[in-house]
Structures are given as structure tokens and as C-alpha cells.
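One chain comes next, on its own, written as C-alpha cells: the form predicted on its own.
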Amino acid sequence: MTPVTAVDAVRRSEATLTVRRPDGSVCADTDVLVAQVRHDFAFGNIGFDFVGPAGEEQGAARENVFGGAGPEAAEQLEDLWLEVFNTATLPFYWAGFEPVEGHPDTRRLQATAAWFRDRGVSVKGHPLVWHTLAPDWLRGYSATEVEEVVRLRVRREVTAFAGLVDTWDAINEVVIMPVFANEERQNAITALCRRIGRIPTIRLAFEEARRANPGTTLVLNDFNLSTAYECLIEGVLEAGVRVDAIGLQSHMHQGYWGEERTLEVLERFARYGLPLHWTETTLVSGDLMPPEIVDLNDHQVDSWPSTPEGEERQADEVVRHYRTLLAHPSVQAVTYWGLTDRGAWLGAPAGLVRADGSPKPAYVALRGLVKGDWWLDPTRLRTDGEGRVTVAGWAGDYSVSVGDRSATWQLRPDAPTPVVTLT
């Protein structure tokens, strides 16, 4: 008998399914084939590699300002991406999305979102408000005008992508936002946040997005997981701002945090009673970034290769990290930040796939969890005299078939006992 793991204890449940024929009679004492079709849990990755190719873009593609492989790599990566992941994060960095005022990249991102949707993938937008990649042209407005332009930006994107992108990082990295200093260029959103305060800036992003699409899921996202973020969350909730999920980043370029630290972070942020989205996670398969680096962006090297030893370490750490996260009931989504080393953030060998398109051991290991240990392959079961059969698995979409007739159904712990009719 296979032992029940900590992850299964949280994620696995049973449902007793009643199977009927098209005429309404039950399929009594009948062999049926049951298979999982999709996970409910959001196994995410960035979809930057497919912006442009997904819309069959011709000619020169607009640069994705925060990375991703070139258009020529998309076909090679498509099957690898879709085999493991069911949730894509698309780039809405304002400086890249609208480098020229009044000319947003709406159509190309809509085409990409539709491409993912047509393949059964949910889509998330990242981010609506962020200081680091605010467009330079925004600095030409007065302080009060900037606030209105930001409001218009949030409403425009959420409205234009409703039905395609229904989850957003509404605002990104607010802990540092009003004190962010960049000697090379100042940005208007830092100035806005400094003028009106963190919580009013968060309220602006969330309330404008909610008005544009009341059904959207809005995430408060940050890399700063100190008590400063906890205080900010408490202030936001006390102010009555409705937050749907708390976003937590873990770019582990300096080494895997380990189970103890990860669990400590989970417990601290789970106490707010909101779903936790692990929005950005990476583990490198080469040399680790030196521990004395405070801002990861400051680490600049000519070459940062993946190594055999690093790849074995990365595979082990990916499995440990995902098992730790998914064993916690508050975790609703985990997004790995990059499928491939091509175009990876900071040039780090953090992808699950090498630059040449070959899977690393970490990819194989993660696929083994998502589509192996945590997945129900086609399984033959037999109904009882009343057409009932008990199915055990993770929450998600399933199929059941008898001969050439089939039906789809959903296994969810709190859902009513499913009754399906074959067609």
C-alpha cells in the first residue's frame, strides 16, 4: 500500500460518481475508464516566451522588457510548457507595454492570452502598478495628473482583458515603492506613492481593477517577506481594501531556503486567512550568487552557466520546495519564473530547460510530481449495482468513459456528489 504523503493528505480527496447512459439508466456493474484532465491547483510559469509567436506575429517583435526566449524558440518550448503548467503569467510592465503613450501592446497580449486560453491554460497579468518599469513619459505629468493616468491605465487593461486575464498582480513591491531610489532614472509611481502613501496607492490599484472587472482575482505581491510586509498587509486589510490573495516571491539565486524557513514564511502569511500565491520562484542550476549581494540585480557576470552538479542540486531542491509549499493548505498557486535559460532573469541558469531546449533534471522531476505522483492516469474501475464508483485524486477536471461514450466531471472536496451522463 502506497503511504499517504503530507501533500496528498492536504490535496487528495474522494468522490463517488454516478454514471448514467444517454437514456438515463445507470451503468450498473460496468467497467469505466476514469482519467484526470486538469489540475485545479495553479501550476504556473511565465508565458513571456510565447508573446508574439502566439499571435503569429510577422516581422520584428516588440521586445519583452523582462526576458523570455526569442520567437524562434517558442515552437520548441510549447509542448514542454503545456506538459507541466496550467497557468501562465504574461508581462504587462508598463514601460514595455506602452513605451509610447497612447500605443499600448493590447492586441499582441490579447492574442497571447487567447492562445493560452484555447489550450486550457488560465492567464494572469503582471503587474498593473509597479514603480520599477514605469514609463518615462509618465514623468511629464503633474503629481495629480499622474494619479489619474495610473487609474486610467488600470481600468483600461482590466477592461480590455476581461475574460482572457482574470487574475492580476494588482500592485507589485509596495514595501519599497515610496523609498525606491534609482540614480539613473526617477519614476513617477514612486513619487505618487511617496505623496499619497502606500495604502492609498494599493487602494487605487485594487479598487480601479475591481470596478473594471468585479469578478477578477487581485493579488498583493511583494519580494520583501519581512515584518514590514506583514504590517502593510494588516494596514491594508484594516483599511477595508479587499485583497483576494497574498503574493510571495522567492527568487532563490543565493541558494534554496530550506523547508524550515519556507514553512516559517508560510505560517506568518497564512494567518491572514487569505490564499497564498507563490508568485515568483527560481532555483539556479549553476554557481550560487554570493550571499553578500543585497539587491539581486547588482550581480552582473559575463557568463553564468548551468553545470551538471548544479542541475542535480536544482532538481532535488525543486522537488523539496514544491512538496513543502503544496503540503500547506493555504497555498493556492505556485509560479516558477521561467521555463528556459534563454532570456532568463539576470542571465541566471534558473530555467527548468537548458538554453538548447533540452530538459534539465529539474524539469523531469517537476513533471514527475505534477503529472505523476499528483495525477490520475487513465484507470479502469467498476461501478456497483447502482452505477456508482469511487474515485480518489486531486481536485480538478476528470473524464469517465464507457466504450466510445464519455463525459467530463469535476472532483472537488466540497462539491456535490457528481452524476454524469455519457454522450
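Start at 1 and count along the sequence shown; that's the residue number. Quick caveat: nothing in here was measured; it's all calculated off a predicted structure.
In what follows, reference is made to the form predicted in complex with a further copy of the same chain, a form of this protein that is not presented.
J.: Taking any heavy atom pair closer than or equal to 4.5 Å as contact, tell me whether Ala228 reaches a further copy of the same chain in the model of the complex.
T.: Answer yes; at least one heavy atom of Ala228 falls within 4.5 Å of a further copy of the same chain in the model of the complex.
J.: Would Ala160 count as touching a further copy of the same chain in the model of the complex under a 4.5 Å heavy atom rule?
T.: No, Ala160 is distant from the partner.
J.: My question is simply whether Pro200 lines the interface with a further copy of the same chain in the model of the complex - judged by any non-hydrogen atom within 4.5 Å.
T.: Taking the distances in the model of the complex, the answer for Pro200 is yes, it comes within 4.5 Å of a further copy of the same chain.
J.: Taking a further copy of the same chain as it sits in the model of the complex, is Arg151 in contact with it (heavy atom to heavy atom, 4.5 Å or less)?
T.: Arg151: no contact with a further copy of the same chain in the model of the complex.
J.: Is it true that Arg119, Thr167 and Glu207 each have at least one non-hydrogen atom within 4.5 Å of a further copy of the same chain in the model of the complex?
T.: No: no residue has a heavy atom within 4.5 Å of the partner.
J.: Pick from Arg242, His103, Arg271, Arg107: which residue has any heavy atom within 4.5 angstroms of a further copy of the same chain in the model of the complex?
T.: Selected residue: Arg271.
J.: Of Glu309, Glu75, Glu238, Glu260, which residue is found within 4.5 angstroms of a further copy of the same chain in the model of the complex when only non-hydrogen atoms are counted?
T.: Here the answer is residue option Glu238.
J.: Thinking of a further copy of the same chain in the model of the complex, which stretch from 212-220, 110-118, 263-271, 328-336 has heavy atoms inside 4.5 Å of it?
T.: Single hit among the candidates: 263-271.
J.: Within 4.5 Å of a further copy of the same chain in the model of the complex, which residues of 161-179 have a heavy atom? Give them in sequence order, or say none.
T.: Those in contact are Val175, Pro178, Val179.
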